[in-house]
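Given next, in structure tokens, is a single chain: the form predicted alone.
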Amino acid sequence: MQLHGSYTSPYVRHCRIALQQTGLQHKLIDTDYQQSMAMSPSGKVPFLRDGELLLTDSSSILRHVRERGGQPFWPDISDYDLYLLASTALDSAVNLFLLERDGVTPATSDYLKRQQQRISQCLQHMDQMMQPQLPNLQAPFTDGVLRIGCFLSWALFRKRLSIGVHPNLQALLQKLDQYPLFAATHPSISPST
């Protein structure tokens, strides 16, 4: 299996963790924007090649990896909803980040203001959702929990938000940072560091 993506991508990170959890043989191929446009119909990372199979979204990659590794993917609807909520916030945050690099900001766009509001609402709801789970939360973590962690870690790394007003998300990230597979894939860690 070849996973194409960047070391800083939160979507790629989630797939890397799942591949490590399953123990499946794989190789991460560092791939930039131009390469992903040429090699993947979606023009984004991650994408996965497994023999003749080409998967072009982190969700389909995660399902494939979990099934090949004999692990459940979204064992219950609440975790699936958590995964989707975190993905929604992550998608909005990544889009804002990339648009701001091009000089397009929420100050000039009502749509982007709504994206900022969406992120805030998602964070508030995820914080509430995590409160009852925190006392018993331990590895191996679900894909919903991992997606939240990959989102938060990336957003903090890119200085996109603060989670100081979300104590349950802070506690969750502290637990995840103690998990070796999560810690070893932090966006600041690449093969050259």
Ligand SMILES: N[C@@H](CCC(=O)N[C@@H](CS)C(=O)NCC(=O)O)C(=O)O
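Quick caveat: nothing in here was measured; it's all calculated off a predicted structure. So that there is no doubt, residue numbering starts at 1 and follows the sequence shown.
The same protein has a further form, the form predicted in complex with the ligand, not shown here; the description that follows concerns it.
The ligand is not shown here, but in the predicted complex it comes within 4.5 Å of a heavy atom of L98. Contact annotation for D57: at least one heavy atom lies within 4.5 Å of the ligand in the predicted complex. Heavy atoms of F157 never reach within 4.5 Å of the ligand in the predicted complex, leaving it off the interface.
Proximity of P167 to the ligand in the predicted complex falls outside the 4.5 Å heavy atom cutoff. Heavy atoms within 4.5 Å of the ligand in the predicted complex are found in exactly one of 39-47, 66-74, 138-146, 122-130, that being 39-47.
Contacts of stretch 10-34 with the ligand in the predicted complex, defined by any heavy atom lying within 4.5 Å, are made by P10, Y11, Y33, listed in sequence order.
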